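Heads up, the chain below is alone and in the form predicted alone; it's given as C-alpha cells.
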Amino acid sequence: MNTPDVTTHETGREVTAATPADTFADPGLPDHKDRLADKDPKASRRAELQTVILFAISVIGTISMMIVFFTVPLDGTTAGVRTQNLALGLCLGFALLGIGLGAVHWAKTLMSDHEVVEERHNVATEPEDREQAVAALAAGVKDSGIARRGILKGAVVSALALFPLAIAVPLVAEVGGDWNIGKFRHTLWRRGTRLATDPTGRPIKASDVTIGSAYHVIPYQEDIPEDVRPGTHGWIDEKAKAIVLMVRLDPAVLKEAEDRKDWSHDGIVAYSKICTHVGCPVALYEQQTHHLLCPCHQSTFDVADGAKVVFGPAKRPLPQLPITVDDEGYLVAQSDFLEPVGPSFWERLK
C-alpha cells in the first residue's frame, strides 16, 4: 500500500505520513512479581517489625531532643552553643529519619505494589467517579493493614504525635527570651577602642592603610570587657552588631557633611557592615565607583558620600563610626555609633 506524501508549509520538504501499521502496539503491564512478604507470613511479620523499629527510632529521637534541650545548659561559651546545637541537630535528624524511612519501608514491603492504569477523564468528576475514589481510599486503608497491625499503628501514631514537640517546645521556650530591641542602639565601640582586623584581631595603624584598600574591622580584644571577648557566647551577638567595613579613599573625592568632617582620618572612613534593609553583611566593595554592595538584595551605598543609598531597597545610609588615631598611630573609635545599626525596626519612623 502506497503512503501519500505531504509537503510542509514551513520548509517545503516532503515527509511521509504515518499509517496505522507504523504505530507501536500497547505493551500492557508487565507480569506482577510477588514480594517475599506477599508469599511468606514470617517475612511479612519481619517487615512489620522493621517498620515499627524505624518509627521507634523517631520516637527516641524526639524524646532525646527534649532531654537535651532542657538538660544541656549553655555555659556562655561558643563551644557550649556548638555542643548543644550538635546534640539537638542529631536528635532531630533521627526523629525525621525514623519517620521517613519507616514510611518508605512500610510502603515498599507491606502495602500493595500492584500496577494500576487510570484512564484520563474530564476535569469535572462524575458522581460515580467520586464514589469510586472514596471506595479506592477505603481499599487503600484496608490494604495498608494498619487496622490489623496494632503495634505498627501505635508506632506510627506515637512518632507522628511526638515529633511536633521537637519544633513546638523550642519555640515556646523562646517566648520568654530577650526582646529588648533597645540594645541595638549600642555596640562595643567606645572612645579609644582600637580598630582591629577581622578575624585576626590585629590592631590597625593608619599608616598601613593604603588608598583603595578595604578592611573588615572588629573592636580590639584588649579594649572590650572580658565577658564578651572572642571565644565567649556573648561575643557572637556583640560582634554581629559591631562589625565595620573600613575604606581609605583619596580625600579629594570624599564628600562629608559639615558636622562629620572630623569623623574620618586622612580619607579613612568606617561604616557599619550591617545593611539597613534586612541586616545582611555589606561586604562587596567596588574600588572605582566607591560603592558598597549588599549581596542579598543589591542595596548599594556610596562610601564617598556618607554611605548614602544609590540603589536598592535600603531606605537609609549605613551608620558611620567616628574614628581618629591615638598617640601610637593606631586607628581608634571616637565613640559608639550615634544611631542604631542594622535594619529599621518597628519603633523607628524610617
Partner chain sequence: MKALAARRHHRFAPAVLLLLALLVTGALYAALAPSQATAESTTAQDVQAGKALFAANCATCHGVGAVGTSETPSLVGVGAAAVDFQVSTGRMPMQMTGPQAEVKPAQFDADQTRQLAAYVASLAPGPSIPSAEAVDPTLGDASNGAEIFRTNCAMCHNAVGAGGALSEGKYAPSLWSTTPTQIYEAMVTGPQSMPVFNENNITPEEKRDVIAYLVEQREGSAGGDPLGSLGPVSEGVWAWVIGIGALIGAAVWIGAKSS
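Quick caveat, the model's predicted, so the values are computed rather than measured. Residue numbers count along the first chain shown, from 1. Note that the rigid core is defined as the largest set of C-alphas that superpose within 1.5 Å between two forms.
Below, we turn to the form predicted together with the partner chain, even though it does not appear here.
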Segment assignment from 132 to 140, 220 to 228, 194 to 202, 263 to 271: heavy atom within 4.5 Å of the partner chain in the predicted bound form: 194 to 202
With a cut-off of 4.5 Å between heavy atoms, is S213 one of the residues that contacts the partner chain in the predicted bound form? yes
D250 near the partner chain in the predicted bound form, any heavy atom under 4.5 Å? no
Heavy atom of T125 within 4.5 Å of the partner chain in the predicted bound form: no
Partner contact for K108 in the predicted bound form: the partner chain, 4.5 angstroms, heavy atom: yes
Which listed residue (A304, A283, I63, V52) meets the criterion of a heavy atom within 4.5 Å of the partner chain in the predicted bound form? A283
Contacts from 288 to 310 to the partner chain in the predicted bound form (any heavy atom within 4.5 Å), listed N to C, are Q288, T289, L293
Is D237 one of the residues whose Cα moves 2 Å or more between this form and the one not shown, with the core superposed? no
Please state whether D305 has a C-alpha shift of 2 Å or more between this form and the one not shown, with the rigid core used for the fit. no
Rigid core superposed, CA of I204 - does it shift 2 Å or more between this form and the one not shown? no
